[in-house]
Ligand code: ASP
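A lone chain, given as structure tokens: the form predicted alone.
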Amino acid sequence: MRKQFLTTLLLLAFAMPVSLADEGMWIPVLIEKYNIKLMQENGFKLTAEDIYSINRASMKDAVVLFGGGCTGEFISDKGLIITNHHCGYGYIQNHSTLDHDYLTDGFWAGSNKEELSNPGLSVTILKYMEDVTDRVLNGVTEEMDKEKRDALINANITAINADAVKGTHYVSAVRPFFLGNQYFLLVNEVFRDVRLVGAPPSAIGKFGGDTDNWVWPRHTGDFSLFRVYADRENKPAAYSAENVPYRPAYHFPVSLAGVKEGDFTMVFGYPGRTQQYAPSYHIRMLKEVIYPKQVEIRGKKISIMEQEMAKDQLVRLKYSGKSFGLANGWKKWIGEIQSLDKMNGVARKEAFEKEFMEWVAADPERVKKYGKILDEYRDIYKTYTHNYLVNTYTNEVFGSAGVEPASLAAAFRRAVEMAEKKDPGLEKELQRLRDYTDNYFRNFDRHVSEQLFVAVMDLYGKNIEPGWQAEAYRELAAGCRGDFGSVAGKLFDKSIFAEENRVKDLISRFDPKKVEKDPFYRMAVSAANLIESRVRGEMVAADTRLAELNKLYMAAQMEKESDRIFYPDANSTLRLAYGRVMGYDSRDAVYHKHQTTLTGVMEKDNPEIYDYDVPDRLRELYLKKDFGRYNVDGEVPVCFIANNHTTGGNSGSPVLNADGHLIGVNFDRAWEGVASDIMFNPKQSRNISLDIRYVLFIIDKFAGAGYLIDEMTLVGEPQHTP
């Protein structure tokens, strides 16, 4: 049976010791079995039970999934959480106005009553995880066709989830690991009353902006503070003035001892997605086709936004979040292209595939199981690459801060269908649209939006062949002869979706015919129809087959290298990475040290540039050398690097020392190793962390919010302070 084969395969794969401490994102429930010995040999002083336990409080109880894509951690017994400034950025922005500009000025709640609620924000705490592979595959046989197999697996998963949370307020999910070769049940507790407690001004929390993003040396105070609230029984509850600060089972002690070169470090968090075991065809598609096109269009959007933000503070408030979101991917893709080039990434994958096929060819049974995998990959990616580009680029144009009124109009499609069917749920849908519209126009400026429209329309025509363009676009392009600047103003004047009051009036007196006549609605529907009729079907079929191939190829790789412990690709579940604090050689004759200091902040200080305009109070503290107990030989440490394997989602993750004490907050990766999502480069892959001593310094000396530090459990003797 296939299940028995896979179980044997996994046992073989985990039979040998780990060879590298720096590469890998490891499953916490398996640390005792596969990692703890090597961790201890590298300096870790605690046990696997200290990291993950279901019998007593452990480190896992202090780590949370923050929102949908970051990590945070408890640093007090009163529910205080620290995460990155960029993870809290959208919430800080939503609370900001010209009168109370928390992005520019920072925010510090003086008491629990001053903390700000954040509708829609949640934190998730893992209660336990369990290998349920046998239960998921119960009854599955090699002879089953795909439809029956999937139906049985889904039925098994439904039963497992129901059984796991019966009689509790927990939520559960069964997630595939090793590309579907293994399954784990995750049982979580979700809290939805999360309040903003503190954030430094962006000149600290986002210091260096997009210029320094993905770059070392770094001098960014990338943190924000939130608090989780619960009911009187310490259980999750909707926002209420009656709620009280949550009492976590465990919170991290905060270390004043600092770091030095060679120290053991551990990152514990929720990495989003990696593709370590992908074939060369996938990497070539991203590197040579998808990323270059995305870099071009996002670069244009960012340029427009930044030019306008520099002119108007209100525009900065509206578009800073959008610009940051776009720039993060934009710069990462540039780095990935360069890193893969430097490592000869595609060629290395192709060399492995050649070796793989030689291994397959040496055994008739392997030929039968694995002999056609790479040929199928090659055939699929011939058409998949084109469909992937059309799908991705269409979204970049008509969503993702492209044609903004079209993205708003698209949200009304369901209401139009409901109105035409006289669906009784229409009023509820319109209320959703009222809320959506409020949020949309809070971050909208017509002048900026018109420029974005012209830019992305031009690029759409340039980069997508006419036969694969949305029909409404082709009609518009023909009518204006490609001069989109000549029609932008007219379209925005005509459209309901370019003016807030007109949209609100539409919602209050909803008329689906008015919506259907709107030029931006027609554009949105046309783009959606193109994807739905020409692209999605083929992509779904290809994705389905690719999932099967990926699962089989993963199993084959693990069988081929049975003397190696494999770590599963990241999938937004709790993982542990470990390594050491260390610098690296960036390029010829350039070596980067492991630590930056406040002096480096001041060296970058430039009042003429928003992202480098150091706050006056920080300048004053520096000039007076008023560093308090955070003084280390006349400096304040700011950031440090280590060789822990991290990715998106690890933003905000706790960085811990050998004693399990919090020494930093992870927030970025170094440029030279940014391709570690696809291919880890041990010589240059470095995670960038905010030194916790800089956090304490900013809270205490800069903000005068030492009462927050009083909540924390401080440990360790400070380094030498003259």
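It should be emphasised that the depicted structure is a prediction, and the values quoted were computed from it without experimental measurement. Start at 1 and count along the sequence shown; that's the residue number.
Another form exists, predicted together with ligand ASP; not displayed. Remarks below refer to it.
In summary, the region of this chain contacting ligand ASP in the model of the complex, judged by heavy atoms within 4.5 Å and restricted to 483-491, 353-361, 641-649, 238-246, corresponds to 641-649. The contact residue chosen from Y229, W214, F264, Y183 relative to ligand ASP in the model of the complex is W214, the criterion being a non-hydrogen atom within 4.5 angstroms. With the partner removed from view, the residue among H86, K301, R522, K287 that has a non-hydrogen atom within 4.5 Å of ligand ASP in the model of the complex turns out to be H86. Contact annotation for R669: at least one heavy atom lies within 4.5 Å of ligand ASP in the model of the complex. Contact check for Q275: no non-hydrogen atom falls within 4.5 Å of ligand ASP in the model of the complex. Residue contact check for N328: one or more of its heavy atoms lie within 4.5 Å of ligand ASP in the model of the complex.
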